[in-house]
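Quick setup: one chain, the form predicted alone, written in structure tokens, and binding and motion questions come after.
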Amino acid sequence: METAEPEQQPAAENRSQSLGGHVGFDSLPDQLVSKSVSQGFGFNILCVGETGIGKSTLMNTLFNTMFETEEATHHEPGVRLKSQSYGLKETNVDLKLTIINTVGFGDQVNKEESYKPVVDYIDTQFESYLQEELKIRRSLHDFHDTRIHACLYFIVPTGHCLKSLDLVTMKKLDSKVNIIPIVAKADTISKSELHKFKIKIMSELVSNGVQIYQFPTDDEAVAEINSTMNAHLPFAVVGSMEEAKVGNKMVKARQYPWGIVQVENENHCDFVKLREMLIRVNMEDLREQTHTRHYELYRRCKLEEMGFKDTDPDSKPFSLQETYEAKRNEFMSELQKKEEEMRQMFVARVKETEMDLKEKEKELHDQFDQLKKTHQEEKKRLEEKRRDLEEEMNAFNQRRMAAQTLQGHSFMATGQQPLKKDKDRKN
């Protein structure tokens, strides 16, 4: 008997329909803006660079605020990351800004593992967000997202090439964070040398496979400016909160005996370009790239380590419940195996202890028997000595009595003889 095959349903198609009047869903962007503004925004910047390169000064200049910072020394035993959060408000927009500084980076003699604390810090923030996601009761809407959105990597303006520490660190970080390389203290190098240095930096990054953040060009509104700014990377910046009078107005600048370097003058440095690209144009894209690219990569790797997959070996949809049950059974069997191993180990140790106790008990018995035997022998010798002593005492007493008897007889004999002589004299 033949069975009829079920008919395949055609896939749903998007069809355009004309509206008879105004409905109102064109206000969705306004609703999103209103909701986002009420919730506020968060932005986390990681500053990686050697001590004294100007990280804190640049942050102050970028946000036109004097942040609370402590001067670091060049004698740190290791690299440590210091995080500070600030609440900023511009017009009616609230921004929770977190600045993470790498204290002691590049100050050690052995710099081979200087990047590890930075990588560990980024992974820790990803892990914290993942743990919140995996909770049964999640509260991501008010969760303080500490994931790094942008990494400003400060390069020393040597004019030659990148240090090996810079290449190794950026290579370790490029899959975890959006790297924006900048040449710090650009006023310490001439324009011609700076131009060659920037070309050399980009060439070395490409040849070593380091992926830095590229400003997006898929949005027509910012495609042209972002495409132009990508060609200016790395940005050569100068930071300063000091003001100097240029013409009839006061501007942020660094004043030298030979002249004034204006921070916001694009002919002097790329500070304005960095501020525009980082804050005004691409801040939301940096946040989105952190979530959709870097965090998703970390999340996928973590879940794959835990045994979760999208499809099973037969290319069938993967069941989360089955995976959980399989992992649970595997964990329980492993736990039982370890429990049995611990029990066997405990039994073996108990047996070893019993054997040791028996051996020690046997040794004690042997020592007791030896002491008992020695005691008996000593007692026997003492008894023999006592008997010998008693015999000697008896013999001594007998000799003494014999001597006394003999002495008495001798006294009696000597007493009678004088009496007889006296009688003969009288007669």
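Just so it is clear, the structure is predicted and the values come from calculations on it, not from any experiment. Throughout, we count residues from 1 along the sequence that is shown.
What comes next is about the form predicted in complex with guanosine-5'-triphosphate, which does not appear here.
J.: So, in the predicted complex, is residue 254 in contact with guanosine-5'-triphosphate at a 4.5 angstroms heavy atom limit?
T.: Although guanosine-5'-triphosphate is absent here, residue 254 would touch it in the predicted complex, with heavy atoms inside 4.5 Å.
J.: Contact between residue 239 and guanosine-5'-triphosphate in the predicted complex at 4.5 Å, heavy atoms?
T.: Close contact exists here: in the predicted complex, residue 239 approaches guanosine-5'-triphosphate to within 4.5 Å, heavy atoms only.
J.: How about residue 52 - does it come within 4.5 Å of guanosine-5'-triphosphate in the predicted complex, if we only consider non-hydrogen atoms?
T.: Yes.
J.: Does guanosine-5'-triphosphate get within 4.5 angstroms of any non-hydrogen atom of residue 185 in the predicted complex?
T.: The answer is yes: residue 185 has a heavy atom within 4.5 Å of guanosine-5'-triphosphate.
J.: Exactly one stretch in 382-390, 43-51, 365-373, 395-403 has heavy atoms within 4.5 Å of guanosine-5'-triphosphate in the predicted complex; which is it?
T.: Flagged stretch: 43-51.
J.: State the residue from 305, 71, 142, 218 whose non-hydrogen atoms include one within 4.5 Å of guanosine-5'-triphosphate in the predicted complex.
T.: Going through each option in turn, the one that passes is 71.
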